[in-house]
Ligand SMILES: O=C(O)CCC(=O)C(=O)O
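Presented below, as structure tokens, is a lone chain in the form predicted alone.
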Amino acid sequence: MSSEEINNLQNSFQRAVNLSGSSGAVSTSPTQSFMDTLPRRMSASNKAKALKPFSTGDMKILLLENVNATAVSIFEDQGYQVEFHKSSLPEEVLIEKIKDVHAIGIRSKTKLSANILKHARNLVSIGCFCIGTNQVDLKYATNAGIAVFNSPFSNSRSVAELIIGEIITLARQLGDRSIELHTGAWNKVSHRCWEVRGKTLGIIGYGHIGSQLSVLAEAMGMHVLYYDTVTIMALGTARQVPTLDELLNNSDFITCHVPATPETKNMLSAPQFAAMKEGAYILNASRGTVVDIPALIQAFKAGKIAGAALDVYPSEPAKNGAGVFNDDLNPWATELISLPNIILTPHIGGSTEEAQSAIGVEVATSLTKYINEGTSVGSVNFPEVSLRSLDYDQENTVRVLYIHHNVPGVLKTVNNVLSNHNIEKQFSDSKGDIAYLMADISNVDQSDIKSVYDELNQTDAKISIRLLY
């Protein structure tokens, strides 16, 4: 460390003493430049000690895109400083805002690129209050020691219910009849309108959403087929098929519930539409790159497809407003919206009060547990590491959080640094090029903490260090 960093560190130690009135207290705000976080424990009235930053008021949380109030409450209850915005921010504004925050919460519109993240001097974690994380440069975040969390399950029911509603709406051409009557036209027809009972639903991706959808569809009397790249136990009488083509050949309704990957890009395109039954229906509430929309338009015009429901698109507007979904955004937009029995919704699959509340709780809890305790369970880019809580009567114990490059010999080096103390418990795991070690060491005083930090900070494999107590 430079002499300036050492002076800063010593000043933070003295500040902790002044705040606590005890010569054994140590604290500082978490920064990447020195001793990222030094938390305190709760009073001895609790059986388990909670690891929290010494001065929670130093913790700065930036929440964008109208993240649910449940998340705001959780962060404020921790004593954190919370800055809340209902929309995303322009890149230049976000770069300025992100410089000093310790955690940021976003949804799907904010793009955290490497160009933005490189300005984040204190950033410890990112919370994606949604399923997807493709709006974050995960590689850069990982290499910078920034843990990323999301909510993969909390909106599953909301998405499944949307798909059920759209299946019935497509089968009965309800969208068209509603638009017609809004314009004064009375058009009572039954031609090519169907009950969904007895029809076959083909689900591509049988995860949390696909499996819930399966149960709902069967309750309405539908037969369910599903295709997944891994073998998954069926719920109810649903049946897994070995190939995508078999699903396409035999399904009346086909719905996609897969992530955005190179393998799923244009997963449904001209060859897949050709393999479908005449008059099949397509639904996509997963990712906008999964369905080749120009090919879908052609299949519809050729009479192969009887209707479609799309909730996601390759390019989506950055904010709400009239006229923003246009040909400049997606060159086929005008042609798509001119077609009958095509349901278009603005990425609202998980947009229910129940889902957003649950997402707020899930992601905010993950972030606070990571900030306060170092627990990375649920992180999409870190190995999942956790240690049991400290008992309230444990004194002079420090939790070491050491994020490092996954190279040989690191554990030996770290344990040599910690060898002057009793290592009460330790857990280390790796994921790709990154590894994460947590250790609780006892019999530690103020000068020991500085020494441990300095020695770990000088190790070659270090990415980021935090010491909690």
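A residue's number is simply how far along the shown sequence it sits, counting from 1. On a predicted model such as this, the values are computed, not experimentally measured, just so you know.
What comes next is about the form predicted together with the named molecule, which does not appear here.
In short, of 375-383, 362-370, 331-339, 107-115 it is 107-115 that has heavy atoms within 4.5 Å of the named molecule in the model of the complex. Remark: H223 does not count among the residues lining the named molecule in the model of the complex, judged by a heavy atom distance of 4.5 Å or less.
Shown alone here, H347 lies within 4.5 Å of the named molecule in the model of the complex, counting heavy atoms only. Although the partner is absent here, R287 sits close enough that one of its heavy atoms falls within 4.5 Å of the named molecule in the model of the complex. Though the partner is left out of this view, A309 does not reach within 4.5 Å of the named molecule in the model of the complex, counting heavy atoms only.
Of the residues given (S251, N155, S125, T255), N155 alone sits with a heavy atom within 4.5 Å of the named molecule in the model of the complex.
Put simply, of S88, T397, Q173, Q356 only one has a heavy atom within 4.5 Å of the named molecule in the model of the complex, and it is Q356. For the partner-free chain shown, C130, I131, G132 of 118-132 come within 4.5 angstroms of the named molecule in the model of the complex, judged by any non-hydrogen atom.
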